[in-house]
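Heads up, the chain below is alone and in the form predicted alone; it's given as structure tokens.
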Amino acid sequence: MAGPVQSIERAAAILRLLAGGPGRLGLGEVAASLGLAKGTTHGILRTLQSVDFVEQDEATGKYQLGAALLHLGTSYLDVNELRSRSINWTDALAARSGEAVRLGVPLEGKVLIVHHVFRPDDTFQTLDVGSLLPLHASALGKVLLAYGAAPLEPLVEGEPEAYTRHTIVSSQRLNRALAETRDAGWAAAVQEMIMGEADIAAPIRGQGGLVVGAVGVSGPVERICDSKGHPHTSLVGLTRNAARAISRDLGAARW
């Protein structure tokens, strides 16, 4: 019986490295991390790029996972499984944060809300399950865009809708916001979709490290943010911890 194909093993190692990293990686970083020659690494990266499994940033020359992996990353994961695996953690997040919690996945250029836990108080609330949010104007959407779970090109090439005066509509500002999301490991949207409302979100990873969804808290700006409009660090920590816990239940490695 034939043994493993070395080039495929190396390609898989590169994809895992890009999936588990905090952001884009340069050719030298990939080669050094895996102990491969730069020429060999470059050849594999170019091949992966040709089938859209890897994308190269034109400005920096660094690599990240490509949009084509979206289908591979989410097709194996049934939405019902994602929701069932997250129920305990989202309930706990709502209880600890005192805010509403939503779970989102990419769907045709939007964020589909597949699970929603009400804020634990007596205020009137409307169930958001099944609703669609804009990728560029929500924290859940920014997470999906930043980690390649949703395609960025339609937004960059088109004209994103400005829901409020705070909505990010320029491609330059959006790319900067997504880079900040990858560096920080979480995203926020403060009055970008609805005035007076803000949300925080973090990525959910499945097996292999690919981002398959996002979980976040949302509510009035004065509850989510401090007096300067910055999200409370305590809420950020709770959200990220919940995302990690759900990811572990889905089989993702610890990070």
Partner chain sequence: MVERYVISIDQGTMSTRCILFDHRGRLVSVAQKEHRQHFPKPGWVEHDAIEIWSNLQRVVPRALDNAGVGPDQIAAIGIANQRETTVVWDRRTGVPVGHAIVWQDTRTDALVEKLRREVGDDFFVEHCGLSPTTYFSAPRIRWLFDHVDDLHERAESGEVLFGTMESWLIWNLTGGPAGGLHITDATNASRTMLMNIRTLAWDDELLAYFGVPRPMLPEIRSSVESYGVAHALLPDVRIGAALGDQQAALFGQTCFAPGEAKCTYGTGSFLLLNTGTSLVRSRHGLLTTVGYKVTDQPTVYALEGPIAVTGSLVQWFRDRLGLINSAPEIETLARSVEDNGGCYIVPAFSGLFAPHWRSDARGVIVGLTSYITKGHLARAVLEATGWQTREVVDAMNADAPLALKELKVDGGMTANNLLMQFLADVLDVPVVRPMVSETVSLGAAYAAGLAVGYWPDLEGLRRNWHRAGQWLPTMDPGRREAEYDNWKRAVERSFGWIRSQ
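For clarity, every value in this text was computed on a predicted model and none was experimentally measured. Numbering follows the first chain given and starts at 1. Between two forms, the rigid core is the largest collection of C-alphas that superpose within 1.5 Å.
What comes next is about the form predicted in complex with the partner chain, which does not appear here.
**Asked** 84-92, 131-139, 102-110, 157-165: which one contacts the partner chain in the predicted complex at 4.5 Å, heavy atom to heavy atom?
**Response** Contact criterion met by 84-92 only.
**Message:** I'd like to check something about L145: if you look in the predicted complex, is any of its heavy atoms closer than or equal to 4.5 Å to a heavy atom of the partner chain?
**Reply:** No, no contact at 4.5 Å.
**Prompt:** Taking 4.5 angstroms as the cut-off for heavy atoms, does Q172 touch the partner chain in the predicted complex?
**Reply:** Flag for Q172 set to no.
**Request:** May I ask you to check whether D122 falls inside a 4.5 Å heavy atom distance of the partner chain in the predicted complex?
**Result:** It does: once the partner chain is placed as it appears in the predicted complex, D122 has a heavy atom within 4.5 Å of it.
**the partner chain contact in the predicted complex: R96, any heavy atom under 4.5 Å** = Although the partner chain is absent here, R96 would touch it in the predicted complex, with heavy atoms inside 4.5 Å.
**Asked** Hey, does E197 budge by 2 Å or more at the Cα between the shown form and the other one once the core is superposed?
**Response** Superposed on the core, E197 moves its C-alpha less than 2 Å between the shown form and the other one.
**Message:** After superposing the rigid core, is the C-alpha displacement of D52 2 Å or more between the shown form and the other one?
**Reply:** The answer is yes; the displacement is at least 2 Å.
**Asked** Given that the CA-CA distance for E55 and Q207 shifts by 3 Å or more in the predicted complex, does it become closer or farther?
**Response** Compared with the form shown here, the C-alpha atoms of E55 and Q207 sit closer together in the predicted complex, by 3 Å or more.
**Message:** Knowing the shift is 3 Å or more, I'd like to know if the C-alpha atoms of S138 and E58 are closer or farther apart in the predicted complex than in the shown chain.
**Reply:** Farther apart, which means the C-alphas of S138 and E58 are at least 3 Å more distant in the predicted complex.
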